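Below, in structure tokens: the form predicted alone, a single chain.
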Amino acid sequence: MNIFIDSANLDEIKKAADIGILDGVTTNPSLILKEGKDYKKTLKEICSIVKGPVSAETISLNTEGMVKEGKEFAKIAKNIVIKVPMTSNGMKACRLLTKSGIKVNTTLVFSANQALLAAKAGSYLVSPFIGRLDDIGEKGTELVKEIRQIYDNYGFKSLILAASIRSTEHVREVAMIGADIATMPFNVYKQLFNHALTDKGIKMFLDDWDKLQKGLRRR
């Protein structure tokens, strides 16, 4: 499973990229607004850091606007993927952009039927928002399971990008289900490396090493 971070913070993206376990980035106008930076400039900077897909979200709600913005964003870098919403207009835009050779990420997917339509429209990435489903009392990871079965049934090439991830448990669950990608906030990404027993083991090793060195100095 590929791991993306959902961020517009260049420091976070650089830290993740420096570790070497980062396959892509998802971002949107809201995340870039929090950073107080220019949208297109920030996208270009992210693409200079990350080799993998970088999702750039369109602002327009009509098909013509999405296609126009998508083509403009695609000029920023070769690894830009255009993010459009799961609406009838969004699916029209998806088909047109895909025919133009531009990869599309269909976002705000909350049902298996929506994911089916997104795949048929030619989406490169399809993003079910599991955390937001959890917020309304549904089990978000169940949606990922349904989408995985549908895509496997019919051989759809669209990749499942599990989004709105809130915890390391979400990451574990979607990995077991078979999501192709999980995108998460940087704080969740960092938590993936941690375990209490790992910390305990390191401490024991260092303590024993310290005792060994003290014993050698007494000889």
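Note that the structure is a prediction, hence the values are computed from the model and not measured. A residue's number is simply how far along the shown sequence it sits, counting from 1.
FYI, the form predicted together with a small molecule isn't displayed, but the following is about it.
- Relative to the small molecule in the predicted complex, residues S60, M86 and T106 are all farther than 4.5 Å at every heavy atom.
- Residue in contact with the small molecule in the predicted complex (any heavy atom within 4.5 Å), chosen from L31, I177, I49, I150: L31.
- The small molecule in the predicted complex comes within 4.5 Å of a heavy atom belonging to A163.
- Residue contact check for K92: none of its heavy atoms lie within 4.5 Å of the small molecule in the predicted complex.
- Taking the partner from elsewhere, R132 is found to have a heavy atom lying within 4.5 Å of the small molecule in the predicted complex.
- Listed stretches are 65-73, 164-172, 151-159, 37-45; the contact stretch with the small molecule in the predicted complex is 164-172, by a heavy atom cutoff of 4.5 Å.
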